[in-house]
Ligand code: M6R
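The chain below stands alone and is given as structure tokens, in the form predicted on its own.
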């Protein structure tokens, strides 16, 4: 996500801020900015594009001051532009704010503040924070300005909802920064006569290896000579520093060896952030009224690669929950085949980057046919989001590894939310069922947090099988696309031959490639098709396969009778189960690639975003 860096010390803060932003470039961003407190006035420089562009602009202005704050922005509200870049100011221009995350109630707060006379200059949710602090400052009594700012920020923290990390600087309190953290990373670098506020350790690691990692609800005050920490109730806490032993490259990955493994572990947070979007009024998102939603008769899902597999899962969701016939096309095929121009059709394009050439070409064709269009995308302001009528944003942050993991599970989650909302709108899903689905969605991030604990067991298994010539993945119904995704993930990062099949199809040909020792992965959660999968296990084992079952607690005992190895994932709604089932397959691909010495984050011949046909 976005990057924050703040500095309080005895030196000019500009170079510290610029260099810190450069160290955070790996996080992904579309614009950047800095604010420096110079002679009791805040000097702000912002630009669209790379930090190098910001650096050029800052050299021309040449701000001088020992307190400053900077930000690299990954757009979530408002297009990438200079006016939407951080830091954001209040009406007076004396207070600036940088922010990572999402303010869920920003529209309500914005309307309220406008009525109180505040003027907004951006489309962002962040600017609300600056004006809200300004409003609270005007109604706060304190012995001095530092105490006044602290009280105003504490009050603001109680008024905003969502996931956020915030940095605050006020012209009336030189030599002071305030940070607040709730469900979004924020860390303090503890130096000698200088202290740093950052979203991640790399921003300050070259200056100090002593860090204070903030917990949810905590607030921190930084001064040149020290740091003061407060808990969620406002009570002062003891500062406990952690010594960082990582080098710069490892620090960028949060201590992980590769971005891929980090992004697998990012999934609980990615799902939680994506589900904030799921509260959207979908009729408003698509630019239609609820009557038009109820009138939808066909849905076309268009995607490539991993996103295509997410779309295949979505087909099950949309047909079961909303009762709408749904087709799923590879974008490269959709663009060139004959598409009947049926009325009341919605085309859904899925893309992590929003810049996939095939997907953009296909959705433009859908528009020409007169279809409504919706993007499921992770990058605000991308080409796909500009082409489509509406966008459902997966707020999973930048995905650096070429092999998609957290974007995939966030896309499936988005499709489930969309299907449930469409089903509720057209009456195919009852109110009681909708509430049940909503509860299971809310619980999903916790289930995912439990699932990612499986890494050790999967890693241990890969010792036994990583040298195999081929790997087979089998699933049925909603888990069939997960078999395809498991095979693709392994091929992408390990270069090993891998195939995914519908389990009922193995006897129609694929079983011929199974011989002694062939690893076969069975996606078989306890449920309606569990008995069928048990039979598939026996068929494969009879041919000498090394069978690995991925099941839930209810199926563990029987699975152990027909499989060589069993992994148990948390039980959730049958339709949501694929989101958890894919995790051990992600770990599998990672660890086989690592044991084979492959370039995991940048596999040969592949690019993160395919921008040519």
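As the structure is a computational prediction, the values presented were derived from the model and not from experiment. Residue numbers count along the first chain shown, from 1.
This next part talks about the form predicted in complex with the ligand, which is not shown.
K.L.:
Taking 4.5 Å between heavy atoms as the contact cutoff, choose which of 200, 492, 273, 266 touches the ligand in the predicted bound form.
P.N.:
Exactly one listed residue reaches within 4.5 Å, namely 492.
K.L.:
Looking at 540, 322, 488, 129, which has any heavy atom no more than 4.5 Å from the ligand in the predicted bound form?
P.N.:
Flagged contact: 488.
K.L.:
Partner absent here, but in the predicted bound form, which of 115-123, 157-165, 346-354, 464-472 has residues with a heavy atom within 4.5 Å of the ligand?
P.N.:
Result of the contact check: 346-354.
K.L.:
May I ask you to check whether residue 478 falls inside a 4.5 Å heavy atom distance of the ligand in the predicted bound form?
P.N.:
Contact with the ligand, no.
K.L.:
Indicate whether the ligand has at least one heavy atom within 4.5 Å of a heavy atom of residue 412 in the predicted bound form.
P.N.:
No, no contact at 4.5 Å.
K.L.:
Look up in the predicted bound form whether residue 184 has a non-hydrogen atom within 4.5 angstroms of the ligand, and give yes or no.
P.N.:
It does not: once the ligand is placed as it appears in the predicted bound form, residue 184 has no heavy atom within 4.5 Å of it.
K.L.:
When the contact criterion is heavy atoms within 4.5 Å, does residue 306 count as touching the ligand in the predicted bound form?
P.N.:
Residue 306: yes, in contact with the ligand in the predicted bound form.
K.L.:
What residues, if any, in 391-405 have a non-hydrogen atom within 4.5 angstroms of the ligand in the predicted bound form?
P.N.:
402, 403, 404, in sequence order.
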